[in-house]
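Encoded as structure tokens, the following chain is the form predicted on its own, with no partner shown.
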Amino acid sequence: MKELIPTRQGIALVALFTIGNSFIYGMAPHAGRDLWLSFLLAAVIALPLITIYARLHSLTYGQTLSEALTQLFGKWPSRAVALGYSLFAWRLACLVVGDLTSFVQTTSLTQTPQIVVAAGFIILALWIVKYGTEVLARWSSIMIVIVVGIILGTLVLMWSEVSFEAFLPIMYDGFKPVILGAFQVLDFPLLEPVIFFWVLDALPEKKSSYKVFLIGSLMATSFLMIIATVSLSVLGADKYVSYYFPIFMATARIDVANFLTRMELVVGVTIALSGFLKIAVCVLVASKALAHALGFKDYRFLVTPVALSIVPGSQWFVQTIMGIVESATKIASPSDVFMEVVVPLLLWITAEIRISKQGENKAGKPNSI
């Protein structure tokens, strides 16, 4: 069953997913004081790839990705692609849960076992995914206003602590750190919306996918760049790189007339809200893709076992806070590059060729895969 998502809600869903748990850690740490250049470079590189995501979705308009993959590659190859994306989404969900549980345990619930916090996030994600994509999209359209409003308000309060000298001298260490920082930002989180192939089954118009992917991604990129640059200007480049949670530490400096303090707690809540949305989307994608890989038409009965398997998975992938930070700030991994770049390019090229051939064989008739 196709679930219709209005364009505005689709944009909010992509934007909030991309923001997700990204600003828990110091983004583009390899770039240091030049992280703003890394964000700009990453946006330039990501834009063509995001456009390809939108183009592919536009080419398969009117079909679910399961139907399109079957027509593109046939039964078994399409199932192999679906299994790959299911594992990718499941692993991403495990990493997000691991990030959030470590963050919560380190900053507030120090005596609470991580597995308890992980189970809480998973139960909430399981509950909302059971209601389907439409409910998830409506929820995100409300939450993004709250999340962005709170963070921007917090950043305004931090303005008195901002020092632009933290960005000088520009490119003192050369261009290599900027490139490394850009690839880190691309891997986490700018290209992660690739899994939305499995979420956006039905949009109002054929070209709605361009608005959803491009506007949503640009909104999230701009927002994350503002968070990172303001945090670095408050803490300084050395502390920004050394702290595990720089945005959290930067907001801890807010003190308005000895009255408005402890704003880092509010930031923690917004991180939990946006991270929860990302977990829910990953559970949804993992379940949908796995259902296609196994040959089932309905995915809902797989949601519970997939979601529950994320709890031990989040403890298995990375077990220490240092390991989690290293995983989140890595340059790139071969598996991520394969699923975020190589596979979408192959799908897009195949779809373009198939549609071109059908257009030649059926001149004057609408093209479809």
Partner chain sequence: MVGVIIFGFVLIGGIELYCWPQRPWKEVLAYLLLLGLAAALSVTIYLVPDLPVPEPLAFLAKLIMRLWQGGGK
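Residue numbers count along the first chain shown, from 1. The shown structure was predicted, so the numbers you read here are calculated from the model rather than taken from an experiment.
The following text describes the form predicted together with its partner chain, which does not appear among the structures shown.
For the candidate set 254, 273, 122, 290, a heavy atom within 4.5 Å of its partner chain in the predicted bound form is found for exactly one residue, namely 290. Screening 206, 138, 239, 130 for any heavy atom within 4.5 Å of its partner chain in the predicted bound form leaves a single hit, 130. Proximity of residue 317 to its partner chain in the predicted bound form falls within the 4.5 Å heavy atom cutoff. Heavy atoms of residue 61 never reach within 4.5 Å of its partner chain in the predicted bound form, leaving it off the interface. At a distance threshold of 4.5 angstroms between non-hydrogen atoms, residue 46 is out of contact with its partner chain in the predicted bound form. Within this chain, residue 75 is remote from the site of its partner chain in the predicted bound form, having no heavy atom within 4.5 Å.
Remark: of stretches 50-58, 24-32, 63-71, 307-315, the one touching its partner chain in the predicted bound form is 307-315 (heavy atom within 4.5 Å).
Site residues 105, 159 and 248 are none of them in contact with its partner chain in the predicted bound form, judged by any heavy atom within 4.5 Å.
Along 77-95, one residue reaches a heavy atom to within 4.5 Å of its partner chain in the predicted bound form: 90.
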